[in-house]
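First comes one chain, alone, set out as structure tokens in the form predicted on its own.
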């Protein structure tokens, strides 16, 4: 079991941020976490990363049971986390290769000398994610899509067991988005791929490799299970309180407003 959340509640002051969250992820599964702004996605991700602790319920991530063992840095070393907000934290004069190498040390900036093995792994990840052509370019000169691929390669440097991609296509145009999604799909089908949790509020980004989906609404699990049984016209119409229709093309869903 990669993730086991049972009856999780998170309360801050008098506000219930998360309520009755039940979510189990098995080894080898790739999930979509779908939720609109304000649905509680960030709070749930912070809990998985042990930045938040549940007010009640049982949480176990990668064998670490909250409240039973010391968490924090030890757990987060096993989780790769990529978000568009992370882009702005890196030094603009570091090149893409250096940014990827820094993932081996979980540092912003490269302050230690990488081993030959680290360098070889970084080159391999840059090749896998289609970044090798701009490995020596300054990070600041890269496009949004190029930066995201570099950050995914960086997150993979430490061989994480879970890779969380938090709204990775924010700010990308159609071409850049599809290029990034192609890279993510190639990563997901690799035999040694980590469990991927893909966080989004865009239905059309749900790739065929994400066979499981959790819908989060107002801090609660609205629906969870097989993607093709969750991403349906009926369930999403209930979720949005709006008539919508789901069209499937090339095993990807597309959403249109109903009449």
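This is a predicted model, so every value here is computed, not measured. Residue numbers count along the first chain shown, from 1.
Only in words, not in the display: the form predicted together with a small molecule, which the text now covers.
Interface residue among 43, 209, 223, 62, judged by heavy atoms within 4.5 Å of the small molecule in the model of the complex: 43. The contact residue chosen from 167, 128, 146, 98 relative to the small molecule in the model of the complex is 167, the criterion being a non-hydrogen atom within 4.5 angstroms. In summary, the region of this chain contacting the small molecule in the model of the complex, judged by heavy atoms within 4.5 Å and restricted to 33-41, 225-233, 54-62, 190-198, corresponds to 33-41.
The small molecule in the model of the complex is not approached by residue 242, whose heavy atoms all lie more than 4.5 angstroms from it.
Mapping the unseen interface onto this chain, residue 17 counts among the residues with a heavy atom inside 4.5 Å of the small molecule in the model of the complex.
In the model of the complex, residue 13 approaches the small molecule with a heavy atom inside 4.5 Å.
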